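One chain comes next, on its own, written out as structure tokens in the form predicted alone.
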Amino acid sequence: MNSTKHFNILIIGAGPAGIGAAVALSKRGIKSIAIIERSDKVGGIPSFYKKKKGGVRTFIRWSRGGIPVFGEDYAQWLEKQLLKTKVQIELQTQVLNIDAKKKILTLVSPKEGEVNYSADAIVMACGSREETLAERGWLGGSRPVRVFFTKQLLCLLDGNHLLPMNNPLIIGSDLIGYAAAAKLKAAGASNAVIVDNRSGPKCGFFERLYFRLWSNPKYQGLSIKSIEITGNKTASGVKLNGKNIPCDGIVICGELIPNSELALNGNIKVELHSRKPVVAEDYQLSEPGWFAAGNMLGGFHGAEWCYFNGRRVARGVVNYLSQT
């Protein structure tokens, strides 16, 4: 293994929050910064929402008057901000282990193999993921093919130009679910059925009104106690309170939980029910010199909120460095 490389700041995750923190720290005069990203590109989730004719603009630039943009455009804007700095960008690099007390990351990448990086402070901008069927607790039945999470759907629709279903059913009624319904309809599918275990959609009225430019999904949610996915080899529908709703594909959307596995691995305190890291003043975690940013903090936030949150976290990091 190579000797440990030391930086002033290490940032885990090159999505909106990680890039926001990197840009702000660079502007504040921090010279030695590295940003670690397991993907082969920066930009995070927005980079999966490709720009294409007739496509759905699902990201809002609130700092530009609230205009909707394609995720890919927003990811490219983020990349341009990052490239204006001297931040070292490590793509296709996976964090294997963390030593929270010593502030050391064990990394592996095709370029360097296994290596240790250390820092004076570390920002975890690891994002979030959608809850699994089991974690939601009210979804049962078989586990056939053609059951996707949103990221898998995006890879098929936008990455490979494939339409994996014609009569979709979406489980989850927040903004992500309605955006998925709109993207499926724009790609040639029928209007989706959206189901959830709540009386009304989680997605706000004005967001639903916006997505009606592309689709008008039917909502099923009143008095749902459980949903059973049906189909032996391929998803054929769901059984909802004894009622069968047919489909030829299912998308599991929304209900995000923080990617806090690394924090747990390093014995950094995490609320086990919500999976949110325990955060103190200036977004600092239970181990001194460790910080969290973006959707890793819990809840559902858009890309622009995460970017500016990363910039706010940078102020906390600078305060910490000035006191050590």
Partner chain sequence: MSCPGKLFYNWSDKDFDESLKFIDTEQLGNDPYDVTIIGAGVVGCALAYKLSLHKLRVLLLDKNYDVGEATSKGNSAIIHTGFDAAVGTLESELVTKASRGWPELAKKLKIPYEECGALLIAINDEQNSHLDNVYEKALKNGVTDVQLLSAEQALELEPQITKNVLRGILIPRESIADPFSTSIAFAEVALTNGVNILLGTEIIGVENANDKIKTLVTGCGKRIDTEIIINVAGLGSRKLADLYEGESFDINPRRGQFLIFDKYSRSAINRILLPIPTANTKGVLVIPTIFGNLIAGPTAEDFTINDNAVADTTVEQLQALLNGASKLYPGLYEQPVISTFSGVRCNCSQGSYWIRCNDGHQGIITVSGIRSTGFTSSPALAEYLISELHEKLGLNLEANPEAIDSRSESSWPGWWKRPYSNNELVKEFPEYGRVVCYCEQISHGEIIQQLDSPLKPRTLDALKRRTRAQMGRCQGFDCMVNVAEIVSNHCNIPLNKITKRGPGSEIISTNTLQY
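Remember, predicted model here, so these are calculated numbers, not experimental data. Positions refer to the first chain, counted from 1.
Unshown form predicted in complex with the partner chain; subsequent notes refer to it.
Against the partner chain in the predicted complex, the set Ile67, Arg208 and Tyr210 makes no contact: no member has a heavy atom within 4.5 Å. This chain appears without its partner; in the predicted complex, the one residue of Gln92, Ser199, Asn216, Asn244 with a heavy atom within 4.5 Å of the partner chain is Gln92.
Stretch 148 to 156 is the answer when you ask which of 78 to 86, 148 to 156, 191 to 199, 117 to 125 has residues with heavy atoms within 4.5 Å of the partner chain in the predicted complex. The partner chain in the predicted complex comes within 4.5 Å of no heavy atom belonging to Gln220. The shortest heavy atom separation between Lys233 and the partner chain in the predicted complex is within 4.5 Å. The closest heavy atom approach of Leu264 to the partner chain in the predicted complex falls within 4.5 Å.
Within 4.5 Å of any heavy atom of the partner chain in the predicted complex lies no heavy atom of Ser286. Of the residues in 114 to 153, those that come within 4.5 Å of the partner chain in the predicted complex through at least one heavy atom are, in sequence order, Glu114, Ser128, Arg129, Glu130, Thr132, Ala134, Glu135, Gly137, Trp138, Leu139, Gly140, Gly141, Ser142, Arg143, Pro144, Val145, Arg146, Phe148, Phe149, Lys151, Gln152.
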